[in-house]
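Single chain ahead, written as structure tokens, the form predicted alone.
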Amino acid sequence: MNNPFFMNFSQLLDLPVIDAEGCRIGVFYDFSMSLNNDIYTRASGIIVRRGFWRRQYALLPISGVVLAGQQFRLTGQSVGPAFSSGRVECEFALRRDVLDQQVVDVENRKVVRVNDVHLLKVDHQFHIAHVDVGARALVRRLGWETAVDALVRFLFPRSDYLTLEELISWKNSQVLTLGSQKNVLKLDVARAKLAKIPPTELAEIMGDLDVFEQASLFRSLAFDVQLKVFADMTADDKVGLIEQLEDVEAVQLVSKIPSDEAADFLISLPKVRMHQLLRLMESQSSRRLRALLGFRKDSAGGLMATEYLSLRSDARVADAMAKVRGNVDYPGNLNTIYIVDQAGKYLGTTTIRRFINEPPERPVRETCHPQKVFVRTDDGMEEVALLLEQYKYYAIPVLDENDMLVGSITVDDVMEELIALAWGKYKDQL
């Protein structure tokens, strides 16, 4: 970089820091950064290091320091900085919390490692402009740039290595971890761009991270995005993530995903963790999930979700339309509505296609399918699949022995289980 306004963070490391009288007080170790609303975060101070065997550190405000050539000079400070052997407390620091960390490149939707940081210097202020993820940046940090450049220029004079810069704009990167505490750096701009990445792709990104970084990235997402990403994660990644989340976070997440998915997930957890989460849930959610966990996995009871849309027998078409409109964020099946009596007994099934063009005052029960097709909780998966295929339904209601509606099974639920069974049976032959 020949631009005088830009510089590489690694080139500033270990530059001497001198006081106003010209006496050396230590070397530059790090920038403390200020978490604010700036798109390009700026430095709030410098961290100075002194000593070799017994290192000590001091934090100086950026307003009292200038970069003059190949050294940092204090301006007008008569009292020396206070050094201590402990870690300097600051919101976050470049060397400690960004360098060598993994970030999500939200433009190219991939995980990369930060080998250097590209700074913009304006009026004695230092701003993060880019993170450098290129191999040349790592060579530069090791102090081998001149020798390696000369060797590459001699052997491969047209190599992209000599000209290609792998820079990612700071506003387009999402830092996953901050130091040993594994916290998340809150960058609103980057978070907004993360939200635009399809959940399936975010789930793939999660698979490239360790469990700590998965938790950091996951916590930076909006809750509605978390639900979608969690659904697309692998079973192993889900278990690893839950182990890193606080109990309150884990319970909130499991309580909001469809009950059939929640039951399948809970049963994959260690029993101690499963019962711990069930105890912490609201009593209604806990009872519902405990009931599902009591069914065989390949039975209708084990496949069903307890979330479904239902209406009483005296409801009108207008009520059905209002039910659909009022549940646009509903995690379950919106196309099917079940009709029940006052006690909750199943009376019939209707769909949007059957009532959408009917008069608003027409009783919705008159739009139900003529056949009452259902399964019992202890019916097998094969019977469920055959009925769905025979009647070309997307969903089928599940009744208990007293004809009470207790759940619903969709084609997707059955297909997931059938695919898993087929894969387990034939994978060794592939």
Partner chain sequence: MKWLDRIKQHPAWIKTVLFLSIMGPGIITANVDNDAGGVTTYSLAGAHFGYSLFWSFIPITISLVIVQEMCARMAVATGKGLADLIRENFGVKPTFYLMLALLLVNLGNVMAEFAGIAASMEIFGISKYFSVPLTALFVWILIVRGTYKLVERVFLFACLFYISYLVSGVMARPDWGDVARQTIAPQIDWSLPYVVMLVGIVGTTIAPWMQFYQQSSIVEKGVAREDYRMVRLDVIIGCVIAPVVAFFITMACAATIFQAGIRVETAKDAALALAPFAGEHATWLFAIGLFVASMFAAAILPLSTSYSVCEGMGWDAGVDRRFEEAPQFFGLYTGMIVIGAGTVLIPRFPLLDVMYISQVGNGILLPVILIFMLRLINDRRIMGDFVNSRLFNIIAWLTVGVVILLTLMMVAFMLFYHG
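Numbering follows the first chain given and starts at 1. These numbers come from a predicted model, not from an experiment.
Omitted from view is the form predicted together with its partner chain, to which the following refers.
- In the predicted complex, every residue of the candidate spot (Arg87, Arg96 and Arg113) has a heavy atom lying within 4.5 Å of its partner chain.
- Interface residue among Leu120, Leu334, Ala315, Leu138 relative to its partner chain in the predicted complex, by the heavy atom within 4.5 Å criterion: Leu138.
- Exactly one listed residue, out of Trp144, Tyr330, Phe223, Phe156, brings a non-hydrogen atom to within 4.5 Å of its partner chain in the predicted complex: Trp144.
- At the 4.5 Å threshold, heavy atoms of Asp298 stay clear of its partner chain in the predicted complex, well away from it.
- None of the heavy atoms of Thr306 is located within 4.5 Å of its partner chain in the predicted complex.
- Using a 4.5 angstroms limit between non-hydrogen atoms, Asp260 is distant from its partner chain in the predicted complex.
- Shown alone here, Phe83 lies farther than 4.5 Å from its partner chain in the predicted complex, counting heavy atoms only.
- Picking from 223-231, 206-214, 322-330, 347-355 the stretch near its partner chain in the predicted complex, with a 4.5 Å limit on heavy atoms, gives 206-214.
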